[in-house]
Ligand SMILES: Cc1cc2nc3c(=O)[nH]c(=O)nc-3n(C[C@H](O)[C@H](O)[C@H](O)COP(=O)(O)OP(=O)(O)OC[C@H]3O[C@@H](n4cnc5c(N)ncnc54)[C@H](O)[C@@H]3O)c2cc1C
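Here's a solo chain for you in structure tokens, the form predicted alone.
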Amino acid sequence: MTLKPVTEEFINRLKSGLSPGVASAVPDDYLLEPRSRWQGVSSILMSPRTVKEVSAIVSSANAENIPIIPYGGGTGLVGGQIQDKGPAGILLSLERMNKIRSLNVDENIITVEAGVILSNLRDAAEKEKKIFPLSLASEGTAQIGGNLATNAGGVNVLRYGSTRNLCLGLEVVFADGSIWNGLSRLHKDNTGYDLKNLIIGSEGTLGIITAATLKLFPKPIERTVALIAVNSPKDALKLLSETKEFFGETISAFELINKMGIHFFRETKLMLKFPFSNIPEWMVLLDIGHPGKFSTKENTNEFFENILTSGLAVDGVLAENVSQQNDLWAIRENIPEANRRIGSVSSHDISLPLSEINSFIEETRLEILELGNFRINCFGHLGDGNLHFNIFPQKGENRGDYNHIRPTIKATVHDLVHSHGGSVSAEHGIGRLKINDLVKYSDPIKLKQNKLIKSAMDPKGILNPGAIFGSNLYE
């Protein structure tokens, strides 16, 4: 099916049925993604206030074969929110649909519109002494609709799961403009195919998420936060096993940090409190949320004495109050900002079986250093196997000087990920960045079925064309 560009006639006809201000020119910053790798071509911004307005926009676009690009907070790193080629379509922003529709403390659920900013959602839960555990570096800008569309992960997946695990129901506008009211509060529902989990992670290619019913959790009574120095990722994984044995399912986060991240803080003049006089090669940030007062201090002290005595931990610091907890977390949370200031040659959001992580890091480091004198910052959510393996130029060099070798670096890393049984997209999606990777590494039967689902649910291909499958899906 041939897509067509937005016309002035189409816009005027559509505007007549919408509230004032829904249609506007596209601001320049809506046409760029955070790494400036794509330039958008969308010619009109639509910012509806209700699901009925979303439906009207989508059904009109579908009738005239006009592309629609769903836009959340614009924080995606794989180009999923940017139409970079083809007939200029509609950029559909959900930012005005930002109401919290309901919050049920007894059922531990909250129903919100897709444009609610993640940090606002977390604050609403906090006011009721609950938590919504999805936590990202971009949570002050990212919107929950985008988090669901990409099945975002974050730092608490180890305990609470990814965004998919936090969702009970969705409200979705499909390609023909029909509205699915699937805002279920049920934890069990086996009535047919699971549309909710099909839409989550589909990056706006199957439907437009307009609202969601999400799980809340009791706020832990006490927390243990510690930064622990270890000799290697292998020892970090042993530490993870020991921690699980000791604390069970109360581990909220287990984050791997490399010394390069700390060097980047100093190079970019990010002023953070760092507790060690010498920078360890590898560190783990451990966060445990205790559900009750069960001699927490005694248990924690016993655990730290054990790992230090055994040599599994080289050194460690235990936060004694909330302020120190925040200081330790600031180290992990500011790594992406320091990386951004340095400027990576190539960044990789990957996941691996836990037992493969140490050998992957060692092998990939050697392969990358054969390609050039690069700096490597490997960090991430070790507890669930999600690493960020990012390649940087040496100090004083420009990342742009290495654009010619960037495809080789990316292929080298992704080939090794695949050979170790991992995934080249852990929590950011496919977008437009990893289209070729999806073809190269996916099971062909899975890819075929994915395309059949897309064709069935969006037969004209108007929803986020170019994302996930590229521009030739219907050719």
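Given the structure is predicted, the values throughout are model-derived calculations rather than measurements. We number the residues from 1 along the sequence you see.
A second form of this protein, the form predicted in complex with the ligand, is not displayed here; the remarks below concern that form.
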Option touching the ligand, based on a heavy atom within 4.5 Å in the predicted bound form, out of Gly207, Gly383, Gly89, Gly261: Gly207
Of Val112, Leu170, Met283, Ala149, which residue is found within 4.5 angstroms of the ligand in the predicted bound form when only non-hydrogen atoms are counted? Ala149
Could you tell me if all three of Gly161, Glu356 and Val424 have a heavy atom no more than 4.5 Å from the ligand in the predicted bound form? no
Does Gly73 reach the ligand in the predicted bound form if we count a contact as any heavy atom within 4.5 Å? yes
His428 versus the ligand, in the predicted bound form: is there a non-hydrogen atom within 4.5 Å? yes
Close approach of Asp287 to the ligand in the predicted bound form, 4.5 Å, heavy atom: no
Is there a heavy atom of Val230 lying 4.5 Å or less from a heavy atom of the ligand in the predicted bound form? no
In the predicted bound form, segment of 416-424, 434-442, 63-71, 42-50 with a heavy atom within 4.5 Å of the ligand: 63-71
Within 4.5 Å of the ligand in the predicted bound form, which residues of 133-151 have a heavy atom? Give them in sequence order, or say none. Leu136, Ala137, Ser138, Ala142, Gln143, Gly145, Gly146, Asn147, Ala149, Thr150
